[in-house]
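Starting off, we have a lone chain in the form predicted on its own, written out as structure tokens.
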Amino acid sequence: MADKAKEMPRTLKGFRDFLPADKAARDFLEQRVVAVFERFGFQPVETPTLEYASLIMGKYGEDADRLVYSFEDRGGRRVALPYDQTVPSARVLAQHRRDLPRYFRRYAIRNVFRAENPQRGRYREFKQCDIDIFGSRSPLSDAEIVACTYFSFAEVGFRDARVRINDRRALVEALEPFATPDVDVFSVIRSIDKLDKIDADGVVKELASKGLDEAQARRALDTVSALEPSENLAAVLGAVRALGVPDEAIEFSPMLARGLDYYTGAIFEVTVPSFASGSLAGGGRYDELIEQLGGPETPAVGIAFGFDRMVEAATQLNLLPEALGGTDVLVAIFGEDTLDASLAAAARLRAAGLRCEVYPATDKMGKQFKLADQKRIPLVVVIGPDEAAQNSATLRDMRGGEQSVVAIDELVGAVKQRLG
């Protein structure tokens, strides 16, 4: 009986591989964002891939809890993959408070996990970029988060990035009169947070399905839409403008709710009008979370960037350079007699900071040129017997086919000149 054909290996649904071109684009964007984070004084922190499930569960609300990957490990412990970076970072603050400064600014970039239905721009494993300021209740800290966020998006090239801002505390106070024993104020807020997806009528229907009177639900929406910036939010907005963020990039949005339960003050969300696929970042003030985790009273404010959506938007809007992370020059191998000279040329190019690949065999030159063309390597260095005898190399430009013979001592300069 014939063996069954082996099934082709594949990734899990909602998880992805990133081949060189995609990884290079992601690395480029991350480097741009990190440069701004560090310009604003944020320092890197990294937390484990697994946490105790008791740390993760119960911090985001019932809807979010259902999306947490949790399981029992071989030691019989309930563990969970991180849903976001906020709760693990709060644990770091509680656990390492003696080792950290009073006003601690941190950034963290890592993959997080959510067991939701995969769709365009939404995956079960994805990367988040977070910035947070711990220890300060000042609206200046909120403003620093907003300003750093805006300039991070501008650094990548999102010239039309908009930061929507609201006050979660003012929102709660406005909605408390509409809450009932069956529908608490946070349940109302989680429904309002869906306005962008299901519109006002959809929100009213959802609130009615939860048990709120339909007329009361509409009055709740009307009350929220009429809100003005609170005194605290006005201070945040004023400081954001003083930090150089243009007026057209800031929008007070009284309907902005942010569905997670731990927010206690200003809340933020970033959109790019030229990219119509939802928000690209969101966050706010969460002054009580670290204390809830057993740590000291530690006010905090931060934001999480949807890194994958940023990459998608930057790609769609042509904000990424055409050549990213590619090799500058391929050193061809003419034959065994000139191998050492070719390897020495590669070493010379690499020592000068050039990205150099050595062809791993003595194939015909046509095959070696074909590989360079396939990998979009712009330059090829060839050292044959004639070149070796003259202590020189042939430099071929794959973009136009031109080639010239240059002295080995001048090879680095010639390559750099060709690369521009």
Ligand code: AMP
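Counting begins at 1, following the sequence as shown. None of the values given here were measured: they were computed from a predicted structure.
In what follows, reference is made to the form predicted together with the ligand, a form of this protein that is not presented.
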Task: Stretch from 244 to 252, 174 to 182, 110 to 118, 338 to 346 whose residues place a heavy atom within 4.5 Å of the ligand in the predicted bound form - done: 110 to 118
TODO: Flag V156 as yes or no: does it have a non-hydrogen atom within 4.5 angstroms of any non-hydrogen atom of the ligand in the predicted bound form?
DONE: no
Open item on the list: Is Q128 part of the interface with the ligand in the predicted bound form - any heavy atom within 4.5 Å?
Closed with: yes
Open item on the list: Although the partner isn't part of this model, could you tell me whether L280 comes within 4.5 Å of the ligand in the predicted bound form, counting any heavy atom of the residue?
Closed with: yes
TODO: Indicate whether the ligand has at least one heavy atom within 4.5 Å of a heavy atom of Y123 in the predicted bound form.
DONE: yes
Task: Partner-contacting position among A235, L317, A304, A200 - heavy atom within 4.5 Å of the ligand in the predicted bound form - done: A304
Open item on the list: Please tell me which of R309, R350, R218, R162 lies within 4.5 Å of the ligand in the predicted bound form, judged by heavy atoms.
Closed with: R309
